[in-house]
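Take a look at this one chain, the form predicted alone, written out in structure tokens.
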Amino acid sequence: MASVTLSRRAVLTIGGAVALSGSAVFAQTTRVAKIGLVQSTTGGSAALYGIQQKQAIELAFAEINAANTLKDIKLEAIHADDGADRGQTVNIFQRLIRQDKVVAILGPTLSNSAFAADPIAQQAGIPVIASSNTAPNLTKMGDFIFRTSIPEDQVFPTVLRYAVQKRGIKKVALIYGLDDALTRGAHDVQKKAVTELGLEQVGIESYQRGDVDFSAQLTKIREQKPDAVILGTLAEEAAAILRQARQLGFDDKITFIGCNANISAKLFDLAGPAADGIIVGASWFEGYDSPRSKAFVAAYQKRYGSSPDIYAAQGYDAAYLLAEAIRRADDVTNSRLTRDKLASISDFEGVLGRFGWSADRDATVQPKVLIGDGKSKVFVAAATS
């Protein structure tokens, strides 16, 4: 999203003579705000989220620049793919801060990477806005860390209460990824919610990143005859688990309850009809009925030829929030001032709805309970009555 910097003095000449009564015409100077985009556009499951985030943020920057929303300030995105490798994320953050001199960073895609790299930005005084990190306590790393993605501990208890009330769930089994901060964090939240609701926990199974065969874990779970299976997984693993559970003859009455990371448009492509009925919680879904949301969906579809998912929506709002902070700061290099202006935004009208920041700089968005329609390949709002 590079911007062309105009010359400090532009003079309109005709045949070598200075026009307009001999006076020079001064072109407006363009100031460029360099912003780091750290999204995983490769790296397995992470790319399902990272590509959507990157596209939505670039869409937002294009809209802002085209509309001259920031007047003489143009936003320039410096994107780097960390490949879902936390070591790479650390290297990228260091380069963006030390060499590229970015005023802020949007990302990274995975909570695992954020826990490794965000402290670097915090120490350097560079604001970071996450739009897919949902692990608990992430923003507590420092006052320069923000996120538009609602943390799991603010979403899952609502989802589980809904499932208990509507499906009569009493016995649950859990399966989660051992070696990812997001999935481990989601699992911890899920276990706590299960305990607080007094549900019987009949089994816990785990897996490691890269696993594709979950039949052993699912066979053990099936033998315990749970009313629900709770997933602390990324979307690709969730899709495989849903498919394989159906292949193993899981009773259709067993409810699958997912975490934030399962809310990807690709879940339905990967799981097919097996994703039918999965219950999740989210800050947004494609059918959300608001003018701002509908305009975003239409613009995204026009630009990319596909529908946005929740991570695109959260990334889009993150981009507009940062742009508003830069507008208020009226400075393209002062990261601390940008951070302070970002923190001062309290009534933002975004794709996710109207929100501000909590004391820990999480977006104050009301979570929504969604149910997967595997046939139509969309999430729909759950009936609350």
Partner chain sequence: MTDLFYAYHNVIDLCLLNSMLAFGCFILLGVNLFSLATGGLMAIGAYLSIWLTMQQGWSFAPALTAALVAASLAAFGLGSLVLRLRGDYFTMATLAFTEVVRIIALNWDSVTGGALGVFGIPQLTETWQLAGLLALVIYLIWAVRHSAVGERMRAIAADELAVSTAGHDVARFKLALFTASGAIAGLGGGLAAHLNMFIAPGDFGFLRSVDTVIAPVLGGVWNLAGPVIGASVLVVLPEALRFSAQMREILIGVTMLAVVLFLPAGLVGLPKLSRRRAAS
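Note that the coordinates shown come from a computational prediction; the quantities given were computed from them, not determined experimentally. Numbering follows the first chain given and starts at 1.
Below, we turn to the form predicted in complex with the partner chain, even though it does not appear here.
The contact with the partner chain in the predicted bound form, taken as any heavy atom within 4.5 Å, belongs to Asp179 out of Glu200, Asp179, Glu223, Asp269. With the partner omitted here, the residue from Lys166, Lys192, Lys101, Arg303 that has a non-hydrogen atom within 4.5 angstroms of the partner chain in the predicted bound form is Lys101. Using a 4.5 Å heavy atom cutoff, none of Gly125, Glu152 and Asn260 lies near the partner chain in the predicted bound form. Contact annotation for Gln217: none of its heavy atoms lies within 4.5 Å of the partner chain in the predicted bound form.
With a 4.5 Å cutoff on heavy atoms, Gly87 counts as touching the partner chain in the predicted bound form.
Heavy atoms of Gly185 reach within 4.5 Å of the partner chain in the predicted bound form, making it an interface residue. Although the partner is absent here, Gly277 sits far enough away that none of its heavy atoms falls within 4.5 Å of the partner chain in the predicted bound form. With the partner chain left out of view, the stretch that reaches within 4.5 Å of it through heavy atoms in the predicted bound form is, among 235-243, 77-85, 280-288, 295-303, 77-85. In the predicted bound form, the residues of 110-128 lying within 4.5 Å of the partner chain by at least one heavy atom are, in order, Asn112, Phe115, Ala116, Pro119.
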